[in-house]
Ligand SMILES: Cc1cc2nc3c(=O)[nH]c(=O)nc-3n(C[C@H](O)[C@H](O)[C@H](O)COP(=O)(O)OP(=O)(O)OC[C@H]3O[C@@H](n4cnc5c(N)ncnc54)[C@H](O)[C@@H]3O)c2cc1C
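Take a look at this one chain, the form predicted on its own, written out in structure tokens.
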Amino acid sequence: MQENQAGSAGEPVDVIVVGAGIAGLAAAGELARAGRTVMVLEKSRGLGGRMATRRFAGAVCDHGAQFFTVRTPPFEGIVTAARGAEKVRPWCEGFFKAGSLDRAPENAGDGHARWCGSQGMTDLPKFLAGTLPAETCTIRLGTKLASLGIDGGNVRACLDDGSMLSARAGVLTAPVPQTLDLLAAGGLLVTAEGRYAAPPAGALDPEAILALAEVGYDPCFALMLVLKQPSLVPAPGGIQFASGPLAWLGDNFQKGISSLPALTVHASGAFSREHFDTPPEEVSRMMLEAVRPWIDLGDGAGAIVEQSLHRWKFATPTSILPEPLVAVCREPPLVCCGDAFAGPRVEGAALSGLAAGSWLADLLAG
């Protein structure tokens, strides 16, 4: 998709979508199908948000979301189309689980398919982006917002470079704390008792802001390891831990996305909160010590070719709002959606994006 100047202060698009993760792309698709012009703004250089894949040292590692399930007809339609394009495939029907590092993992397959991208988890959002019509939908990567406000009855987006974009409406899919920060920077929120609140005479719905302010997230460290030899992770290549410093151990080679042995290790929310500001080298050392039994039977450090640590600040919602979207403003329409709305993880985020896009398309048509 080519960038264009639609959405500049003099020529507003119908809708600005903040975030090119699966929620934002699903919302953009609904709006585009309704004939709306859409501009998707993404601060990262790539698509997918936490459906993230990294290539380094000749290996491939999914370091955000590790898999997804399909339990609803709307999401099944998306996945069926992506599978037809050979972008996604079933991985397995469950993983080994362990109560802690001290307990041997047990096979916990349940017969329900876990899916992954054919070459990495970014494949599904890339597929969705590829279905958006270039004539009416633009995706701008590497575009960071400084604020989001309201001007002359339109949504006003101020970018980090000082330029301004305008739209009739907005869809906000960033983690909720980041969304609130953008609205506050745009003058739409004030601080009350250490929290954001909508001014009594302001444009935003105070009850909606109060609900959003309750949403919290766990951070997560993702340690990626390229190995000299295959890991000792049991097939199909994943272990989920119920307690301790680790939450997930995934083998990207067994998963079928890496031609070299490579592991992704996710720290637990509790460990990640406790060590969020600990020097990365120390975090890597502690996580490596915990994962050593699955690297080899001797010196785990000697089995590592390369390693990389990524820190997700807003990895997993710790509370889920009951509705698939929250409208914070009606004139102009501003709606929030994502994985903290009505259902977590990949499918929940996609369904939330579909709901927000459909709701806003209907509102704009009225």
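Numbers for residues come from their place in the sequence shown, where the first is 1. Worth saying up front: this structure is predicted, and the values here are computed from it rather than measured.
Here the subject shifts to the form predicted together with the named molecule, a form of this protein not shown in this document.
Engineer: At 4.5 Å between heavy atoms, is residue 44 in contact with the named molecule in the predicted complex?
Structural biologist: Although the named molecule is absent here, residue 44 would touch it in the predicted complex, with heavy atoms inside 4.5 Å.
Engineer: Against the named molecule in the predicted complex, would residue 144 count as a contact residue? Criterion: heavy atoms within 4.5 Å.
Structural biologist: Output for residue 144 is yes: heavy atoms within 4.5 Å of the named molecule.
Engineer: Can you check whether residue 36 is within 4.5 Å of the named molecule in the predicted complex, heavy atom basis?
Structural biologist: Taking the distances in the predicted complex, the answer for residue 36 is no, it never comes within 4.5 Å of the named molecule.
Engineer: How about residue 51 - does it come within 4.5 Å of the named molecule in the predicted complex, if we only consider non-hydrogen atoms?
Structural biologist: Result yes; residue 51 sits at the interface with the named molecule in the predicted complex.
Engineer: Residues in which of 201 to 209, 101 to 109, 175 to 183, 287 to 295 have heavy atoms within 4.5 Å of the named molecule in the predicted complex?
Structural biologist: Selected stretch: 175 to 183.
Engineer: Could you tell me if all three of 31, 329 and 359 have a heavy atom no more than 4.5 Å from the named molecule in the predicted complex?
Structural biologist: Spot residues vs the named molecule: no contact at all.
Engineer: For the stretch 304 to 332, return the residues whose heavy atoms include at least one within 4.5 Å of the named molecule in the predicted complex, in the order they occur.
Structural biologist: Contacts from 304 to 332: 312, 315, 316.
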